[in-house]
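A single chain comes next, written as structure tokens; it is the form predicted alone.
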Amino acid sequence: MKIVTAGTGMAAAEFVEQLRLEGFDGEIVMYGDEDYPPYSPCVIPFFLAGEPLDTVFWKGKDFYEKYRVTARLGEPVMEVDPERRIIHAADGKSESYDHLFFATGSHSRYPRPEWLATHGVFGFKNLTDMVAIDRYITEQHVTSAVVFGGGFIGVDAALALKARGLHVSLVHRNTRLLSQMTDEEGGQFATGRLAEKTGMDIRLLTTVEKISHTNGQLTSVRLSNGQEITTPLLILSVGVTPNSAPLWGDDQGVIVNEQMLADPCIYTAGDVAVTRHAVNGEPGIYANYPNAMRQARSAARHLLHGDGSYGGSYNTTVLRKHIDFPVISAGSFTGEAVTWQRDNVWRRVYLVDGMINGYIVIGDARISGYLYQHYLARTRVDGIIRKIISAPRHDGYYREMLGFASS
């Protein structure tokens, strides 16, 4: 049996590792658009902030040798022919397969793709981006940057550059940062505290409309409100799109069943997979590390043993890199809102039928695990949730379990 993976990211690496650990001894070929061993996207901002590059290779730099993989690097899959069981790569070559693991991830959306031709303008999505930004900062002695996009990736980028020692201006079209992982009030609270704690220059309700350059080198950006910021570095992070076109013909993601199959011989996982939400059943792309790992393991088990199924995805997001001020959320922000705030800590839980439908925790992460377990278990918490989230020491539930006073 011959297995081909379209992608060499976290999901593909986990899939291959599980196959080998469970005794699969057949041929494995991995196609990827970058020239690196599998790495963790969660860790690469730490490299930009100054950590060693080797720390990003979460399964080792020798992954391909260790798991006996033929690696076709720098050769993204451009087209899949399911009927003939063949993939076509960017270099024009083709590869047959018995089973395909399609985990091509996603790519950044750019408001003006032509801006990337200007020296000093970068995306912020993969390790290739990070290495290029790192080299540019070092060679050009960069001391300031503009980040366009204040969602999770944009804030992650801004915090990494701030930790690197740069002065950062963060430009966002919305009323608040992290607008996809917070509600309005929670996002406003997080935005204000992030500004206070980091000293970043945050520009809301505006966009980058124009860039200026001299001999191809970025010199400044002009905002939609007419303001201009002098900068040699612009990071674009306004959104991502799944790389589903090679298989599906469009960029809406790949629909899979509970065995992670999009086709009798094609498994799919990660940022490109459309799966069912484990709580509300809604189909969507729930792109995070835990989901990708469980999807990959489910696919490997089904391929080898013909059993098992994926139980559904959870939309959880955790931001706590480079700053002692976490922002954590999960679920849907609908239902009865129960809120508590004190100083730099803000918590809100949304209840439906007495169960947690979603939550936002800002400023202190200690309670988040407790909330997450009740969210997963679908237990009624309406009788205790106000007491739990209002614990001034932020760990009231755990102290109560151990018999300590909660005052």
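Keep in mind it's a predicted model, so treat the numbers as computed, not measured. Residue numbers run from 1 along the displayed sequence.
Another form exists, predicted in complex with a small molecule; not displayed. Remarks below refer to it.
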In the predicted bound form, segment of 254-262, 174-182, 275-283, 96-104 with a heavy atom within 4.5 Å of the small molecule:
96-104
If we define contact as a non-hydrogen atom of the residue within 4.5 angstroms of the partner, is Pro76 a contact of the small molecule in the predicted bound form?
yes
Within a 4.5 Å heavy atom cut-off, is Asp156 in contact with the small molecule in the predicted bound form?
yes
Indicate whether the small molecule has at least one heavy atom within 4.5 Å of a heavy atom of Tyr289 in the predicted bound form.
yes
When the contact criterion is heavy atoms within 4.5 Å, does Gly312 count as touching the small molecule in the predicted bound form?
no
Name the residue from Arg109, Lys125, Arg301, Lys162 that puts a heavy atom within 4.5 Å of the small molecule in the predicted bound form.
Lys125
I need to confirm a contact call. Of Arg85, Arg203, Lys321, Arg294, which residue comes within 4.5 Å of the small molecule in the predicted bound form, counting heavy atoms only?
Lys321
